[in-house]
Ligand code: BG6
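Below, in structure tokens: the form predicted on its own, a single chain.
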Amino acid sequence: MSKGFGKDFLWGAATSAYQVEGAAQEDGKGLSQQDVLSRQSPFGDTSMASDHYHRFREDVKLMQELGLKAYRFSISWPRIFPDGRGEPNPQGVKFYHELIDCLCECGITPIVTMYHYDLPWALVQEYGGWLDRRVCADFARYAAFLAREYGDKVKYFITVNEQNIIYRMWTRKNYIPEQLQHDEKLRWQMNHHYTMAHALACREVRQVRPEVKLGGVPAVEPAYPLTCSPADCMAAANANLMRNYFFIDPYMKGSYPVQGLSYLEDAGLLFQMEPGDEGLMKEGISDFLAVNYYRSVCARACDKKEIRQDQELNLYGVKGSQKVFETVPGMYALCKNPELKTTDWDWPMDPDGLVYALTDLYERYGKPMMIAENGLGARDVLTEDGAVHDAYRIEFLRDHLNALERAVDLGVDLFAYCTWSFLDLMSTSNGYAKRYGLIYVNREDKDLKDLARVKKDSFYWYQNVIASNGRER
């Protein structure tokens, strides 16, 4: 018999600031690098997004109606510090107090992400942002401020969202000057700055609020071998190492995996570490591990003569349009998994991979875990009678909750699950064509319409899941 989910399990949903808030330059907020990057995209910009900044009370009431036990959201760094440091913006500080208070009044646990890609543009202009080591100290000061200001009401803080995705998509998640975009060693150096920012933030926050719980959140994509050949199995192991463990070990062990460092040294890509970094990383070990899970990957062997490729994003949601898969010569090449169906955006749908990932990571680190994001991006349609029938999303989420329960039965200490996303938001690479929400936001990329909130069928399904503590799904 299944153990089921504990009585205090946190059923939640998630968003991020720049994707939902809008008000990109209102009430003293400074520009972020995502505000600037979005203006270069064909999908519209962050100036309005889903207008959560002005409608948060309406949205929280919908969360209460849904029955949410937790809401994971991010705080916009430039809304708090328009210049990245210095004097805080009173209106920005007040906004997040009001949001957190509103959540608490409705019995919803706030889970706060400190950084979800929106670095203050002022720091990019000053010293290049994450390309410069100075950003680590600025982030740590910002993190300590959040802990002092909100830590009496927030128990769980997440430092950096998806550091491994930031590395892999570094020109989409950071502003990188064109002349530097092919500097692979600089890319790894930037990643180390993120690692040290996490470690420094953990140290500073614990001095201010030792009672709060801290963790990072990688996007975990377990890698399977294409065949059972030893070479493909080694390629899958390499993919797991360099796509997952290399980014998670510093959070959970306070060190990089030795094999990964050896690969980077042999390839001439080893980044610079300063004296004392290893000690700081040990101070930054997380209290819990949050995981974003959407898909698995498949890997085959490749030799050193193959051409390096970064994985090309499927921007338009056309089945079969993904032609380029990540290739790291001599280590692994990703490829299509012939055993799995895919979404409209060619992402493999693999609930079993969630069991694989959670059990593997829990055995490796032994810390409490949460699912910080899990969801399906699709082309939802608002019908003439004002409904959204997203049975495909319900099926996807049901399959993943079944997998979640199997992982719990196998001994994984899991305390929260957050679906991505609470309401439709501006997908970083796909705009509003790719919708994830339980609530439909009535707008398109270029047509704001009325931004009305429409509860999808999946909203009512998840409402029942929460009410039954996961027994009915």
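The first residue of the shown sequence is 1; numbering continues from there. All values reported here derive from a predicted model rather than from experimental measurement.
Below, we refer to the form predicted in complex with the ligand, which is not included among the displayed structures.
- Just one listed stretch, out of 396 to 404, 241 to 249, 258 to 266, 154 to 162, contacts the ligand in the predicted bound form at the 4.5 Å heavy atom level, and that stretch is 154 to 162.
- A heavy atom within 4.5 Å of the ligand in the predicted bound form is found for exactly one of Tyr71, Phe139, Tyr294, Tyr332: Tyr294.
- Of the residues Tyr150, Phe95, Trp347, Tyr175, just one reaches the ligand in the predicted bound form with a heavy atom at 4.5 Å or closer; this is Trp347.
- Ser47 falls outside the set of residues with a heavy atom inside 4.5 Å of the ligand in the predicted bound form.
- The shortest heavy atom separation between Gln19 and the ligand in the predicted bound form is within 4.5 Å.
- Interface residue remark: Trp420 is counted as part of the site for the ligand in the predicted bound form, having a heavy atom within 4.5 Å.
- Remark: Ser38 does not count among the residues lining the ligand in the predicted bound form, judged by a heavy atom distance of 4.5 Å or less.
- Contacts between 114 to 136 and the ligand, taken as any heavy atom within 4.5 Å in the predicted bound form, involve His116, Tyr117.
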